[in-house]
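One chain comes next, on its own, written out as structure tokens in the form predicted alone.
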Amino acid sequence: MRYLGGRCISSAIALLLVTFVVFFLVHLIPGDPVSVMLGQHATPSTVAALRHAMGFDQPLFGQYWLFMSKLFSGNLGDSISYQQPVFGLVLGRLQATLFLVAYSIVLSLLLAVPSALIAAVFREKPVDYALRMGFLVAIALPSFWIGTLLIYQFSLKIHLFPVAGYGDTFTGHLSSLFLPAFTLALGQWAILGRNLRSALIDVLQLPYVEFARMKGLRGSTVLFRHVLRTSLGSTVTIIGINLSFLIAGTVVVEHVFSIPGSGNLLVNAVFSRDYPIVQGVTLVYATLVILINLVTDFVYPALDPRVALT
């Protein structure tokens, strides 16, 4: 309970600091943010009305208090472009983004676990060198370039997957998001595969693994039941850390594949200078990252019994 309480308090403090950063994003804009949002042809009365609606005519502390009071009531302001509440817009687009993130994580694990097992079992063999070279190449390739090549090859030439969109059913989601999910999964496959390979090699050299073999257990039983479970602890931590980069990576991938997700919404908001949406998406993304790290802190000790809750 002490560990749980400490982690929840630290996460709450981090979330409070995030609200400071999100709030001051608008105030870091050179000039008047309201004039930037409305453009050069806005009338003084329109600028004054929007400044009053957003609370910019109040002192800075009063503006932050107004921002927090609206935030606790689920109000992130209204979009300038869509003329709709930002909270509803972000939540409506978040489903596609979360589905894409989960899809890419599943694909990366399906690729990373067998690759790492093969590389660890056949350490310093040709297959190990080939997989390590593949990890290095996958990390070096930019996601927008990979996505463009996949669209050209599998959507325009072979017509195997849709060019863009999200789909209407679950199978439609799987089909429409396979290429963007695979684009994101390649980089994660390399990071997870390299980490898991090193962890597997370290665990394979521990005394209890040799003792399990001396007991007459089958090699596959030792590998999957004893070695893999212990090695996955650090992999879960890597997944939790890289999920923040993965969520950020969806911004580019969603724009390339024209996916109606929150990342694409963020890109369009930046181009249209719709800063309430930029604030809302940034705050939601930061909250997701903090919650993911909190969950990771509890899952890691459950997988590795050697780790204590401290």
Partner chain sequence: MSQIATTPVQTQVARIRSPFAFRLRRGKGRGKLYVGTLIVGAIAVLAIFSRVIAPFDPITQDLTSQFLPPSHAHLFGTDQFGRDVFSRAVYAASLDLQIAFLGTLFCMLLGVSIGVVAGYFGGIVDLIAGRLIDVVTAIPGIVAIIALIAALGSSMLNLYIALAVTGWTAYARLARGEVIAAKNLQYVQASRALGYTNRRIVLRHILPNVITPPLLFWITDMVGTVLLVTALSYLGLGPQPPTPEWGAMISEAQPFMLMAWWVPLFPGLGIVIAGIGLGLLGDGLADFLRPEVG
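Numbering follows the first chain given and starts at 1. Predicted model only: the values in this text are computed from it and were never measured.
Heads up, the form predicted in complex with its partner chain isn't pictured, but that's what we're talking about next.
Enquirer: Just give me the single entry in Q95, T148, N75, S198 that has a non-hydrogen atom within 4.5 angstroms of its partner chain in the predicted complex.
Expert: Looking at the other structure, the residue within range turns out to be T148.
Enquirer: I'd like to know whether A14 contacts its partner chain in the predicted complex, with contact meaning heavy atoms within 4.5 angstroms.
Expert: Yes.
Enquirer: Taking the shortest heavy atom distance, is V252 within 4.5 Å of its partner chain in the predicted complex?
Expert: Yes, contact at 4.5 Å.
Enquirer: For P142, is any heavy atom within 4.5 Å of its partner chain in the predicted complex, or not?
Expert: Yes, P142 lies within 4.5 Å of its partner chain in the predicted complex.
Enquirer: Heavy atom to heavy atom, is R194 within 4.5 Å of its partner chain in the predicted complex?
Expert: Looking in the predicted complex, residue contacts with its partner chain include R194, since a heavy atom lies within 4.5 Å.
Enquirer: Looking at heavy atoms inside 4.5 Å, which stretch does its partner chain contact in the predicted complex, given the options 81-89, 133-141, 175-183, 99-107?
Expert: Flagged stretch: 133-141.
Enquirer: Which residues in 247-282 have a heavy atom within 4.5 Å of its partner chain in the predicted complex?
Expert: I247, A248, V251, V252, H255, V256, L266, V267, V270, F271, R273, Y275, V278, T282, in sequence order.
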